[in-house]
Structure formats: structure tokens, C-alpha cells
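Take a look at this single chain, the form predicted alone, given in C-alpha cells.
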């Protein structure tokens, strides 16, 4: 009889432990904090990325979350390894901002098996909907389409376009490049240069445009897939005495809409800047709080974004920018 009672107690303990699922992880730590692992791209990729990282840190601190943020520093394999490590550390939620859109299936499956909600932020990854809990991302192709429609409205006599693409293979580069490539085909425009810049790098963009000028390539549109690369292109044109912007010979289209870039739009140096809002921190906090409360969330949510034309932007718009 004693052996039978002991066996029953052991079985009861086993079932009790099994019942303590992943959703109880925060309370089991003793401090009651929700731990969120964030797989970020780079620490200093661009001004946009700096604002994005700051948004996560500030929002998570205000919410009382513990944040474990790691940086891929431009290395997709490193991001994968860091994500797997966060899963091993049993974070409560895993938020991924992927350098590359592809190659995340094993990480998503491992998170699912561990009972850890997998959340995409900023950039959509190539994952089946069964493998992730939610995404809060920008629609990069839609951003590009806005720029294409704006360029079409300018009714230029010809369009010879320089495309300064972002990091190859991530969803921001893929979406923005596709929009312009499709737009050029549909409207009979000529893309005279189409190259991606590793790290979305301003210096590389400046050198690329300088080389085009030195080689005699004619162009009248710069389509730079972030603010920093647009600034690099402008520096190259300044050095060569080429006019651009509102009163110049070359139209400059940028993406991100950092405050310093909107100042350049206001000054007429950038013709157009398409917004890509980096302030994902509060959105992810809201999403996690709903999941913690057992509420249903939208699996796929795109951020509402605007665009800013040098002919209509105001000082009030620039002053209101928080990043």
C-alpha cells in the first residue's frame, strides 16, 4: 500500500510539472516580469535602426518587460544562432527583425515546440502562417508603389533612374525594388543603375553615384531605399556640380522619413520621402499584453505610413517628428 501511495504521489508531481506550461514562465521566475528576446539586425545600421532600437528599449522598460536584445551585425547566420540561443534561454516571447526574409523555418519551429510565441517586427519573413503568432511590419512594396505613383505624377519627359537598393534579400529591399522595377516596366522608364548597398550604407551609395557620374551615365531620378543612401547620393552630386531636388535637374526619392531627412525635404533637397515608421516598441508591447491577457490578436498587421513631398511639407510636420 505504501508503495502504491508513493507511486501515485510521483505521478501527481509529474502531471503537475507538465501542467506548468510556457505561459507560466514569467510568474515562475519570481519577479513576475515578462522576458522578451529581440533579434535585431545591426546596432548602427542607420538612423532609422537607431530609432527602432531605442523604441524597443524605452517601450519595454516602461511596460516592465525584461528585454534580451541581440544584434546580427549584418550576418544572417549569426541572427539564426542568436535566436536559437534565446529559445534555449526560455524567453517568454521571441521578436525577430530579420536581415534576410528567408531561412527562418527552423527557428520558428523550435520556438513553437518550446511554446514561445514567434513575432515578426519591422520586416516580414518568408514563413507559413502556421509557424508564427503575429507580425507587425511595414508594407515595403506599398511604400515603393507610393513613390512610383508620385514619380508618374511628375510627368517628366524621360525617366532615367538610379536605384540604390538596400541589403540584398531582406523584405524592405525586395519590396521597394520590386515596386520600382514593376513601375519602370509599366511606364516605359529606364533604370540605368540598379544595385543593392550592403548595410544600407551611405558611403557606398555616395561612391556608386560618383562612379556613375565619372563614367558619363546620364540620370535624372535617384531612388534611394533609405534616407542615408539618398544623402550619400546628394553628396556625390554636390561634388560634381549636379543640381537636384525641388529646383534641380535630378529628382531625389528617399525612404524612412527621419526628422533630419524631412528637414532636407523642407529645404527642397529631397523631392520626396516615403515614411517607414521605426517606432515598433509600443506596438509590440500592446501585442504582448493582449497575448498575456489571453486575447485574440491580428496575425498580420501592417503599419500605417505617409509620404512627404517638398512642395507640401510644412515646418510643423518636421517639428512633430519624434525620431
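It should be emphasised that the depicted structure is a prediction, and the values quoted were computed from it without experimental measurement. Numbering follows the first chain given and starts at 1.
Keep in mind the form predicted in complex with ligand GYE is missing from the figure; the text below concerns it.
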message = Against ligand GYE in the predicted bound form, would residue 49 count as a contact residue? Criterion: heavy atoms within 4.5 Å.
response = yes
Contact label in the predicted bound form: residue 276 to ligand GYE, heavy atom within 4.5 Å = yes
key: Partner proximity in the predicted bound form: residue 223 to ligand GYE, non-hydrogen atom cutoff 4.5 Å   = no
ask   = Any of the heavy atoms of residue 104 lying within 4.5 Å of ligand GYE in the predicted bound form?
value = no
key: Listed residue that, although ligand GYE is not shown, lies within 4.5 Å of it in the predicted bound form (heavy atoms), from 99, 172, 91, 230   = 172
request  = Choose one stretch from 148-156, 126-134, 172-180, 77-85: the one whose residues place a heavy atom within 4.5 angstroms of ligand GYE in the predicted bound form.
outcome  = 172-180
message = Heavy atom within 4.5 Å of ligand GYE in the predicted bound form: which residues of 124-154 meet that condition, in order?
response = 140
